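One chain comes next, on its own, written as structure tokens: the form predicted on its own.
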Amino acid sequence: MPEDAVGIVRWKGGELTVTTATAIATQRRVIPVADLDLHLREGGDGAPVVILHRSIGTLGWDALEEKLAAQFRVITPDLPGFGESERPDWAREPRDIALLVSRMLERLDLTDVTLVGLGFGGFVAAELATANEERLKSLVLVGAAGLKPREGEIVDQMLIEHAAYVRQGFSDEARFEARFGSELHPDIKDIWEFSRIMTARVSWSPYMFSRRLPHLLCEVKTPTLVVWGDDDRIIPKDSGLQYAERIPNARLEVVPNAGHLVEWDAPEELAQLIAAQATV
């Protein structure tokens, strides 16, 4: 793994040490929701920022979380069915996951939350906002799935090998090897494979968009920042334009020299955008 990586990857009872210890102290917690144990990590102090991970799962506390935790209380759950969180066998769409996350916010007694959704996590965050935005202060959707692009298609990760899909998420494929090396660690392959199973359960048909969601977004009152990498090769930028058009109090920010994985391509820029949105 590269020497500038941050955090620890946990995988079903084992730990893969990525390298550098975090400057921010973090803790793991287990929250019971709807007969499920949901695992999360948190660190920092201040107003709450909850980050919902992508369809590839999470590789632990990373540079984005570290930067934000210097100013905020950052909470990063393993979404239901991902990582160490138990799988809701009944869940069949991202809205089901959103309902469980909403309950998690309630169990944690969080208010004035800045909810950040990355990719698939953005789909979940948008669904949550349409169902219950009572605990939200602001919403940040980063390369969010959920809306069918008017032009182009969302890349179907089920049809290609894991590493090829993640490579395509960077603006420069050399950044993939800079981060993961030339040979993927087996635990990372396991995480991506495990995550794909739950992703397929809830977003297979239609793939990564909802026919209902676009008609509900007009009811979202939460101030929303939509962030897109200018070289996103996974989800066409038109999906971001639609989010900005359909949510009444939303704006779109395009990050230069970034692909779909903005948090890995440009963590500093993304952290600044989130911090500004969280403090308005």
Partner chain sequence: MLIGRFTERPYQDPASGYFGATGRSIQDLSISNGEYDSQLGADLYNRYLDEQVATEEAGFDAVMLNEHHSTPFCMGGTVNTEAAILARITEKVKIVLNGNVLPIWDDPLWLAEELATIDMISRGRLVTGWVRGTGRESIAHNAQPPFNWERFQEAHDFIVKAWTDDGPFRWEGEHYDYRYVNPWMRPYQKPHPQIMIPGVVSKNTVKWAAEHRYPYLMLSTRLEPTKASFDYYREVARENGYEAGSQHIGYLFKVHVEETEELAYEVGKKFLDGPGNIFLEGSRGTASPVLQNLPGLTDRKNLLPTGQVGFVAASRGRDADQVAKDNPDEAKDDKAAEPAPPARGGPAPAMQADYDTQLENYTIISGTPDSVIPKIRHVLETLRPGTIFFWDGDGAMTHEDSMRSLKLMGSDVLPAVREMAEELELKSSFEVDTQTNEPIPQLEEASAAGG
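Since this is a predicted model, take the numbers as computed values, not measurements. Positions refer to the first chain, counted from 1.
Not on display, but discussed next: the form predicted together with the partner chain.
Novice: Is residue 197 close enough to the partner chain in the predicted bound form to count, meaning some heavy atom within 4.5 Å?
Specialist: Residue 197 belongs to the contact set for the partner chain.
Novice: Please tell me whether any heavy atom belonging to residue 174 falls inside 4.5 Å of a heavy atom of the partner chain, as the geometry stands in the predicted bound form.
Specialist: The answer is no: residue 174 has no heavy atom within 4.5 Å of the partner chain.
Novice: Taking 4.5 angstroms as the cut-off for heavy atoms, does residue 107 touch the partner chain in the predicted bound form?
Specialist: Output for residue 107 is no: heavy atoms all beyond 4.5 Å of the partner chain.
Novice: I'd like to check something about residue 186: if you look in the predicted bound form, is any of its heavy atoms closer than or equal to 4.5 Å to a heavy atom of the partner chain?
Specialist: Yes, residue 186 sits close enough to the partner chain in the predicted bound form that at least one of its heavy atoms falls within 4.5 Å.
Novice: Which of 154, 158, 131, 178 has a heavy atom within 4.5 Å of the partner chain in the predicted bound form?
Specialist: Contact residue from the list: 158.
Novice: Using a 4.5 Å heavy atom cut-off, which residue among 201, 103, 135, 73 comes into contact with the partner chain in the predicted bound form?
Specialist: Spelling it out, the residue with a heavy atom inside the cut-off is 201.
Novice: For the chain seen here without its partner, which of 160 to 168, 78 to 86, 117 to 125, 140 to 148 has a heavy atom within 4.5 Å of the partner chain in the predicted bound form?
Specialist: The contacting stretch here is 160 to 168.
Novice: Between the partner chain and 96, 219 and 221, in the predicted bound form, does every residue show a non-hydrogen atom at 4.5 Å or closer?
Specialist: No: none of 96, 219 and 221 comes within 4.5 Å of the partner chain in the predicted bound form.
Novice: Can you tell me which residues in 247 to 280 come within 4.5 angstroms of the partner chain in the predicted bound form, by heavy atoms?
Specialist: If the 4.5 Å heavy-atom criterion is applied to the partner chain in the predicted bound form, 247 to 280 yields nothing.
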